[in-house]
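What follows is a single chain, given as structure tokens, in the form predicted alone.
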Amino acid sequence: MEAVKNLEAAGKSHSVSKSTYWAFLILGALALISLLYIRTNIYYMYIVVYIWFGVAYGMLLQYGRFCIASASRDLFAAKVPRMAVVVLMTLVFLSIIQAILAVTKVSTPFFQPVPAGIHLLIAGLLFGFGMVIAGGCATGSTYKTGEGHGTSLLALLALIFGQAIFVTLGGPLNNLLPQSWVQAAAAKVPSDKLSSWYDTYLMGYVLDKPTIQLSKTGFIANTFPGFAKYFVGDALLNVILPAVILLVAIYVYAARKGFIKKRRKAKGSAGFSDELAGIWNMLVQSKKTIFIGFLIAVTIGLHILVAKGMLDKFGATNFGELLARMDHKEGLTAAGKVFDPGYWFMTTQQTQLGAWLLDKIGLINVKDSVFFGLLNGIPAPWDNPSLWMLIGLIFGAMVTALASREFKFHPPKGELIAWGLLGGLLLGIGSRLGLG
């Protein structure tokens, strides 16, 4: 028996060493890529920043097992509130980070409200169905790919190619568009640029919808002047109070019955202080993942701060301008820009990658479209900073999974193949309808 135990221990140690070796090999490869970029041109330091923030996001997400899909699935299917609590607390942290960035005037145009309308409800429903079917949202499917989940890889591939095809569809679909959208779009851009139904949807409907930011409304701006309007309007009223209400509702739905039953058994009765203790108990049960949520929010803030600082240092407002200075003009928008969110963003660069690949093999032509030609560009993958962030996220999750001996390739089997592909497709459609 002793010999068997020694052999098992040796095998376990060998497995740990092998996983650790691969983790360091991945980090070394990313470091080498970073050095090659910097030696090529100092402007590529901007891409290096995206790579390593992507690695940080991947490590945090994998370590905290952060998953928006499981937040709703676990809550309603098993009455387990842990991830739902974590998601809400992360939104609270992010709202405070957003307010701080607004006060310091260090932000990015992508860290702003999107146009509001019924399309967001439809997009949210499709995205929600998709993430439950696929077993992860767009980010969850990406980092779970780094853990070796084959179904998540299929969902990611469906996201990449599904979105690219979705935004380039035309032909008979154009005949289904409301005439008001067609006229509104034609008033903004030449008709030959409206190459798909999605272009008309964007220019004729979505971009005409208002954006609502409470700090910019007259009542909030006048009642809470100065920096207070960001903390009161954007953080407190828009996020923190709704989050508190939802946390209380989650406690009543999923955690209160068992906690109060124990209190009554121990004390003979339970009052308001016990209800507060129950809510606190629900929060601290998720403290490790809540801390990861806090770190994610801080990392996003740092990413915005560093990206903005680098652009200021280089005298640019977008990485496309730096690409143009390096004489890399293919794939830039008409204004010489590329999609450059400046922080954690997942789906638009997936669309760019799918469209770039399909364009290269001649299946679609996207360069003259509104979505790519005017708004986001379609740079080569090696010149796409946000795509490098996605790659960094996958490898960051892989490194943490290897280090914790959780990495294992799980090939998709049977119905999981269909669920992964269908879920990824719905995630992509929802993302594009809701602008990301």
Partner chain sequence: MAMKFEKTGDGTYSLDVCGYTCPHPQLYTKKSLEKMAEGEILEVIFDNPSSQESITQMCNAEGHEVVESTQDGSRFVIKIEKG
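Positions refer to the first chain, counted from 1. A quick note: this is a predicted structure, and the numbers were derived from the prediction, not measured.
Form predicted in complex with the partner chain: not shown, discussed below.
Three-residue site Ala69, Arg82 and Lys262 fully in contact with the partner chain in the predicted bound form at 4.5 Å by heavy atom: Looking in the predicted bound form, the three residues Ala69, Arg82 and Lys262 all sit within 4.5 Å of the partner chain (heavy atoms).
In the predicted bound form, the residue from Thr333, Ser286, Asn174, Ser107 that sits within 4.5 Å of the partner chain by heavy atoms: Flagged contact: Ser286.
Location of the partner chain contact in the predicted bound form, chosen stretch of 267 to 275, 119 to 127, 140 to 148, 299 to 307 [non-hydrogen atom, 4.5 Å]: Of the options, only 140 to 148 has residues within 4.5 Å of the partner.
Interface membership of Lys337, the partner chain in the predicted bound form, 4.5 Å heavy atom rule: Outside the cut-off, so no.
Touches the partner chain in the predicted bound form: Gly135 (any heavy atom, 4.5 Å): Looking in the predicted bound form, residue contacts with the partner chain include Gly135, since a heavy atom lies within 4.5 Å.
4.5 Å heavy atom contact, Lys188 to the partner chain in the predicted bound form: No, no contact at 4.5 Å.
is_contact(Arg325, the partner chain) in the predicted bound form, heavy atom dist at most 4.5 Å: Looking in the predicted bound form, residue contacts with the partner chain do not include Arg325, since no heavy atom lies within 4.5 Å.
Partner contacts in the predicted bound form for 320 to 353 (non-hydrogen atom within 4.5 angstroms of the partner chain): Sequence-ordered list is empty.
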